[in-house]
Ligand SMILES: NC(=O)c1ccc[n+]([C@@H]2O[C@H](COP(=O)([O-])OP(=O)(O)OC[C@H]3O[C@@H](n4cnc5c(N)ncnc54)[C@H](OP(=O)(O)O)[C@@H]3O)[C@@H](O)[C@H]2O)c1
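Consider the single chain below, provided in structure tokens and representing the form predicted on its own.
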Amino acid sequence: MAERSCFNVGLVGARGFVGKELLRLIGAHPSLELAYASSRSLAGKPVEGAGMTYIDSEPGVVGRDADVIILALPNNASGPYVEAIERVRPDALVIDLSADRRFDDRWVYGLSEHNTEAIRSARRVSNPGCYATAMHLALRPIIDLCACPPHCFGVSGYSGAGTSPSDKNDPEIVSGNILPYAITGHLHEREVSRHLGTPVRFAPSVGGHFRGIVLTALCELRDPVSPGDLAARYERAYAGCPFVRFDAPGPIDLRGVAETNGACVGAISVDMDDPRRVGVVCSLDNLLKGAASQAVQNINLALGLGETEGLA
């Protein structure tokens, strides 16, 4: 589809942390041009560096000229916009960053590294959640070896709690602190279990840093495995994936991913007393690889552009 040199992008819901990252990425992308950015609270104010003002976030905005429409809205808010798109711009590429379409088989699940070919031909893409992306990257290369549901524990920066005031994004409360929440039944647990086709257990916490996720996955395998064989699986899985760096011994931490478009996977551990028990760590920036830059990566794939364009 990349016969054209430039595609117009409409951003619906530009107020939040992810919206700001999307504006920056679109502004720097050689093949994307911002057609409009909408926000109820910012309507009428200038979009920095874009030579335009924010417009109100009403479903009618999607009728404006846009080849790509990004829905960066809270969960349970995208329905009226999707209905409007189907009426007025059914040919547009739509990327939904909320959880609203992640359980809808009519939408392609935008896990860039593991669903590449489906994304290339998609017009409706649901962006995975930030924690869900980390869990998928950590688990997919070995999920077929697991004897029981893997257990994942993740700590995210407080930007993951969004901009609506709460204890989980109050700098005074989270400073020097860790707040566990939704330790059973988290939305991303259900999301990953569905798309992996097997149950996964997940417990999240919010930390005192602003951005970035470190997630540890603990798995019990059916048969013993050596660290070398385990590493070889990950090396094969992510060979040629420009935004995933595999580092078998690690360490995997926030410093390697904060404010970058990539993820780190590694720090592999095999229990020498019981080599069926293994652990692996994934880290990524929740605002970028966990949201905004993954959306742009999916746009690149779906439009037939270079996967790294505007991101490298």
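Computed from a prediction, not measured in an experiment: that's the story for all the values here. Just count from 1 along the sequence shown to find any residue number.
Not on display, but discussed next: the form predicted together with this ligand.
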Quiz prompt | Heavy atom within 4.5 Å of this ligand in the model of the complex - the one residue of 149, 242, 227, 162 that qualifies | solution = 162
Quiz item: Considering this ligand in the model of the complex, which of 69, 287, 26, 268 comes within 4.5 Å of it through any heavy atom?
Solution: 287
Quiz item: Check 155, 206 and 252: does every one of them have a heavy atom within 4.5 Å of this ligand in the model of the complex?
Solution: no
Quiz item: Want to guess which of 73-81, 118-126, 172-180, 136-144 is within 4.5 Å of this ligand in the model of the complex, heavy atoms only?
Solution: 73-81
Quiz item: With the partner left out of view, is residue 102 within 4.5 angstroms of this ligand in the model of the complex by any non-hydrogen atom?
Solution: yes
Quiz item: Should residue 302 be classed as touching this ligand in the model of the complex when contacts are defined as heavy atoms within 4.5 Å?
Solution: no
Self-check item: residue 39 within 4.5 Å of this ligand in the model of the complex, heavy atoms
Solution: yes
Quiz item: Heavy atoms within 4.5 Å of this ligand in the model of the complex: does residue 192 have any?
Solution: no
Quiz item: Does any residue in 16-37 get within 4.5 Å of this ligand in the model of the complex, counting heavy atoms only, and if so which ones?
Solution: 16, 17, 18, 19
